[in-house]
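Next up is one chain by itself, shown in structure tokens, the form predicted alone.
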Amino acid sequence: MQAEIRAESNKPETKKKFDVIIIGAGPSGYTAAIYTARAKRDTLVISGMLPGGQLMLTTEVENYPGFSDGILGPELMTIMRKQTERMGATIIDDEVVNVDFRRKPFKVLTYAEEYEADAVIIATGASPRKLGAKGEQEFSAKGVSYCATCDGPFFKNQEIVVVGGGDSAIEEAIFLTKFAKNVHIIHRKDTLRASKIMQDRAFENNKIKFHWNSVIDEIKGSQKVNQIMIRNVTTNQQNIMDVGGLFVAIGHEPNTNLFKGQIELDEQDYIVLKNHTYTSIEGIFAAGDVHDHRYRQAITAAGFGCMAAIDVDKYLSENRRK
């Protein structure tokens, strides 16, 4: 019994204080950590419940530089994680449940522990809004996509469906006409929310077909999507359409619930940047889709991660000289 107590007391304590904590482990979080660790900043990455972010739900990635034959999303994230660890950053697979940015050092609380840091990079990303249709989750990355720029080239000469009526949906539909045989826009209303110029471009495109007052009730297939069940919300009539791919473009939700009341957010709850990657609180930075609602690409997220890390390094150097 005494030996057990003695062994327990000799266990090393978990390190709780770091130079910088990075919340999130997608392309932006890993890239930021590579840069801060390489700059000899003691770095902690808290990965969240889905280490690797949205790319863990993506099959082949063709547009990330450096991989001539493409690479699977999870494989790309595994490589980034290994590189981050090789640079000396600490990575823990835990979820942040609360933060305190009111005073320094900043506090970040997970399910298991409380950590402190002189600087924090928020890289929690954004999540696409889901349809909630039967089969959507089953066929995610198997014909159901939330990013036309990422996955459009995989659907050459196929019948493709886009769900949505805003600028993003119309922009994605127009983009997909480069590859598709036809693009079918399904919208639950009889008018679009998109800007007039985007509407005009869509109406003038012979490849784009509109299905008004309609929703998708079910997504079907075997190994991948091959059919959808469409329902007219006015008549309640259902029809089956043979399709090769389905793109959901009904918006994204930034993962910022944790930070409400702590830092400034815009009307859509994206983090507001004041200068480069600086947020409204000195010492708190943001990188990737958590503030970027325009590009939402792995490569741009990684770029923002690099920028945030450089800003953090400069911030820490300047504040420690004071």
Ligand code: NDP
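Just so we're on the same page, rigid core means the largest C-alpha set that superposes within 1.5 Å between forms. Counting begins at 1, following the sequence as shown. Everything numeric here is computed off the predicted structure, so don't read it as measured data.
The next section is about a form of this same protein that is not shown, the form predicted together with this ligand.
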- Message: Once this ligand is overlaid from its position in the predicted complex by fitting the nearby C-alphas, are 3 or more of its atoms within 2.4 Å of backbone or C-beta here, so blocked, or is the site open?
- Response: open
- Counting only non-hydrogen atoms and a 4.5 angstroms cut-off, does residue 187 reach this ligand in the predicted complex? yes
- Spell out, yes or no, whether the shortest heavy atom distance between residue 140 and this ligand in the predicted complex is within 4.5 Å. no
- Task: Please run the contact check for residue 167 against this ligand in the predicted complex: heavy atoms, 4.5 angstroms, yes or no?
- Result: yes
- Going by a heavy atom distance of 4.5 Å, is residue 41 a contact of this ligand in the predicted complex? no
- Message: Check for me: heavy atom within 4.5 Å of this ligand in the predicted complex, for each of 151, 181 and 224, yes or no.
- Response: no
- Checking 220, 193, 209, 231 against this ligand in the predicted complex, the residue with a non-hydrogen atom inside 4.5 angstroms turns out to be 193
- Only hit among 131, 80, 202, 243 for heavy atom within 4.5 Å of this ligand in the predicted complex is 131
- Message: Within 4.5 Å, heavy atoms only, one stretch in 233 to 241, 248 to 256, 91 to 99, 68 to 76 touches this ligand in the predicted complex. Which?
- Response: 248 to 256
- Quick one: which residues from 68 to 91 get a non-hydrogen atom within 4.5 Å of this ligand in the predicted complex? none
- Taking the rigid core as the frame, does residue 130 move its C-alpha by 2 Å or more between this form and the one not shown? yes
- Message: Aligned on the rigid core, do the two forms place the Cα of residue 197 2 Å or more apart, comparing between this form and the one not shown?
- Response: yes
- Query: Considering a change of 3 Å or more, are the Cα atoms of residue 72 and residue 169 closer or farther in the predicted complex than here?
  - Reply: closer
- Query: in the predicted complex, do the Cα atoms of residue 247 and residue 300 sit closer or farther apart than here, given a shift of 3 Å or more?
  - Reply: farther
